[in-house]
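Consider the single chain below, provided in C-alpha cells and representing the form predicted alone.
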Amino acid sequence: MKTQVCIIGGGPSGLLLSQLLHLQGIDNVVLERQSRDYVLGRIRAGVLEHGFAELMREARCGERMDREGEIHEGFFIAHDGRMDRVDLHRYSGGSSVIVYGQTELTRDLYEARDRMQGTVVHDVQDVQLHDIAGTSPSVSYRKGDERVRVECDFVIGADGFHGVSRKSIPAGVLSEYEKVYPFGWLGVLSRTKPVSPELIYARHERGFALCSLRSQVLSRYYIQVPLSDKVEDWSDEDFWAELRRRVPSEVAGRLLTGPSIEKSIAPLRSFVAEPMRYGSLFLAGDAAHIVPPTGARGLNSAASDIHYLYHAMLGHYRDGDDSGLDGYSAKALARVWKAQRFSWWMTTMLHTFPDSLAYDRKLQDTDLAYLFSSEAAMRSLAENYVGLPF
C-alpha cells in the first residue's frame, strides 16, 4: 500500500488530522489497533476549547457539535463550604468552551471519514515502523493472516501513551519527563440531570470532586481516591454519599442520583517526551504528552499538535515549504509545556495530598484567596482554560 501520510491511531487526533488532510487532497491511511466499537466505547472528557471547535468546523465535522454541544462561559470552584464563579467570558475577552463528549466527537469524525471513503483500518496487530530516520519510511502490520506494508512520506504517531510510535525512537534521542500523582479520579457516568448547568470543581479536606456533564440528561461526576482503590471497592451508593460530603450543602441537596452507566478510575500523571519529531516520524497527543484532567487540557493539547501538523503538511505538499515540519517539535512543545504548567497548578491547588505539610495547605488556601481577589489572576486562569492561541 502506498500513501503520503500514514497515521497510527484512530482516536480523535488521528481521525481529525486524516479528515483535514483529505480535504486538501493529501492522501493518508489511518491504522487502529482496536475495533471501531472499542474506540467509540471510551469515556473521556468533553470540554473543548475554542481552537479545537474551530478545527472541527474546518474539518466539516462541527455541525452536530454546534447543535448539541453546550457553550459554557464559566465554571464554579467550591471551597470552604461556598462556591465562587470563574467568569471565562469576561476574563478571557469574550471566549468560552464547548461541553461535548469526546465519544460523540469521535463518532462525528468517523462518520466524516466514511462519507469521504477515507481509509481507516481497524484491528491491526504487530505494528512496526521502518526506516523512520530517513526519507522513505514505511509501516507494517498484521491483520488476520495477512502482513501489510504501507509505504509513505511521513508517519504520524497518534497512538497514545502505550503505542508503538514513541517507543520506535531510539532511547538516546528521546528525553522523558514525568510526574505521577499519589491519587486517581473515580468517575461515574449516570443518566441523570446535571446538578449544575456549569462545571463545579470542589476542593475539600476529604479530597477533590468534580461535577460535570455530557448533556442535560447525562451527568459525569468524579471524586479523588487513593491509587490503591479499585472500582469494585465502590458501590454506586458509596460514591454518591462521598460526593455529597465533598460539595457544598446547597449542591448536595439538589443532586439527583441513579445507577452508573460507566464507572472507572483514572490515575493522574503528567508526562512529556522530547523531541516530538524523529526523522519522518511526528508524535501527537498522548503519544508525546499527558496531563492530569483537572484543567481540561489533554484532548485540547492534542488538537494544537494536529493544528501545527496540518499546516506543516500543507506547507510541504502545497508550497514546497518544510519550515513548518522542521519547527513542529519546538512549536508544539512550547504550547504543551504551558498546558502542563496550567494542569499542574489546577491539580496542586484543588486536591488533597497525602502527607502534605500544614505549610502546603496554607499555600493552597492562599492560592484560592488570591485567585478570587485578583483580576490579573482570574484573567490568567480564563486565558489558559479557554485555550491559548495556536
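Owing to the predicted nature of the structure, the values given are computational and were not obtained by experimental measurement. Heads up: residue numbers just count along the shown sequence, starting at 1.
Although not depicted, the form predicted in complex with a small molecule is the subject of the following passage.
Within 4.5 Å of some heavy atom of the small molecule in the model of the complex lies at least one heavy atom of R42. When contacts are judged by a 4.5 Å heavy atom cut-off, S270 does not count as touching the small molecule in the model of the complex. Of the heavy atoms in T352, none are within 4.5 Å of the small molecule in the model of the complex.
A residue is said to contact a partner when one of its heavy atoms sits within 4.5 Å of a partner heavy atom; S13 meets this definition for the small molecule in the model of the complex. Only one of the listed residues (A332, M56, A339, L31) places a non-hydrogen atom within 4.5 angstroms of the small molecule in the model of the complex, and that residue is L31. Among the residues G74, G118, G160, G207, the one placing a heavy atom within 4.5 Å of the small molecule in the model of the complex is G160. Residues of just one listed stretch (152 to 160, 174 to 182, 254 to 262, 78 to 86) have heavy atoms within 4.5 Å of the small molecule in the model of the complex: 152 to 160.
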